[in-house]
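To begin, one chain is listed below as structure tokens, in the form predicted on its own.
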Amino acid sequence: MAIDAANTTTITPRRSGYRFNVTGWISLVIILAWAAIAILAPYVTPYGISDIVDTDYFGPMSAQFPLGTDYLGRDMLSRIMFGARYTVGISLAATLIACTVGVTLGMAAAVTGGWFDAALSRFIDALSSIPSKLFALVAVAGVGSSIPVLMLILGIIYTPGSYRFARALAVNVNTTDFVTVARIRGEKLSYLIRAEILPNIIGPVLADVGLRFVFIVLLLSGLSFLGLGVQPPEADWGSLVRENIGGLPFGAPAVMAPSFAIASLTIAVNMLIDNLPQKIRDRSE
């Protein structure tokens, strides 16, 4: 019996658009590893953060001290693991503050328009005209550098950029037919933002969240290196570099290790953003 070739169809399995490539998986593993270390540091560190465990300062790497010791003979591996709690925790909290406030205000301004959009945009312009590092230095020097203050200051600094990005995306979506229909139906502002605008800009917004996180990690590390960030006895990665900068002529791992920790986290986040799955990067499909 002959089979009609015209009536046969070939079923091709559809590949999911949410799959990571190899680079994306490697980046994700690095980020999750640092997140796990930040959460579990008190339970997995071999020594206490302030314990002097070696009589030799700037000790070399060894089986007992895989990352050497610092200028007081404290274990660097333990201090870096504890430092992840401050670097990752403060940066993540500040990123959530900046992006939540910025994205919400940006979508509200785009949907509302009129005097509200104009007034809010001019205020954001004035805030963003202040250099971020100068604003951070003045604010921390004036108010103090407690952890809640650092979170708030870093969040305020990066809110304008998040606002501008979200507003630019929302303005384009706001002109589409389905938003016009929803507005004609009498839907409220909260519904338009939650159900119509946000789902159509979520991909680029997530990528922007990652970039804000990287910027905040670098700014926090810079403040700590200058002595205006996390204060002793606590220490983030920027503080660890500042404490042990005297060991740089000796090639001490106490200087190199926290620097590599900062680099590994920021590079991993950037690589993850560049290799997000297609359906997250492109919501038009």
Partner chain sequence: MTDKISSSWTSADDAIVENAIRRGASRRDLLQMLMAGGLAASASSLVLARATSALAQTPVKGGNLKAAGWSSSTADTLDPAKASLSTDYVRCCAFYNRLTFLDGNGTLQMELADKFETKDAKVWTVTLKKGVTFHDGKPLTSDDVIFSLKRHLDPAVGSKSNSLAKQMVEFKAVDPLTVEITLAAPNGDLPTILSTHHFMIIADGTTNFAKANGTGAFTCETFEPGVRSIAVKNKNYFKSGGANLDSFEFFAITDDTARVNALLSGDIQLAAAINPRSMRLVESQPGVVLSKTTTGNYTNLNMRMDMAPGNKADFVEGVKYLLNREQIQKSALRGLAEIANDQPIPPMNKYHNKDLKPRAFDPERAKALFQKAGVLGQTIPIVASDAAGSSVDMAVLVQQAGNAIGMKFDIQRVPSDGYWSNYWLKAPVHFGNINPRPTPDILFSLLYASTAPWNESQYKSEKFDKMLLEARGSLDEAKRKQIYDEMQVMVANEAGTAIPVYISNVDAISNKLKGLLPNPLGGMMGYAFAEYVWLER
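Numbering follows the first chain given and starts at 1. Quick caveat, the model's predicted, so the values are computed rather than measured.
Not on display, but discussed next: the form predicted in complex with the partner chain.
- Taken together, T55, F225 and F250 are fully in contact with the partner chain in the predicted complex: each brings a heavy atom within 4.5 Å.
- Contact with the partner chain in the predicted complex, judged by any heavy atom within 4.5 Å, is made by just one of I245, V44, V29, A36: I245.
- Of the residues given (Y191, Y71, F178, F116), Y71 alone sits with a heavy atom within 4.5 Å of the partner chain in the predicted complex.
- In the predicted complex, no heavy atom of L96 sits within 4.5 Å of the partner chain.
- In the predicted complex, none of the heavy atoms of A195 sits within 4.5 Å of a heavy atom of the partner chain.
- Interface membership of S62, defined by any non-hydrogen atom within 4.5 Å of the partner chain in the predicted complex, is ruled out.
- Contact check for I202: every heavy atom lies farther than 4.5 Å from the partner chain in the predicted complex.
- In this stretch, 123 to 143, the one residue having a heavy atom within 4.5 Å of the partner chain in the predicted complex is A141; the partner itself is omitted from this view.
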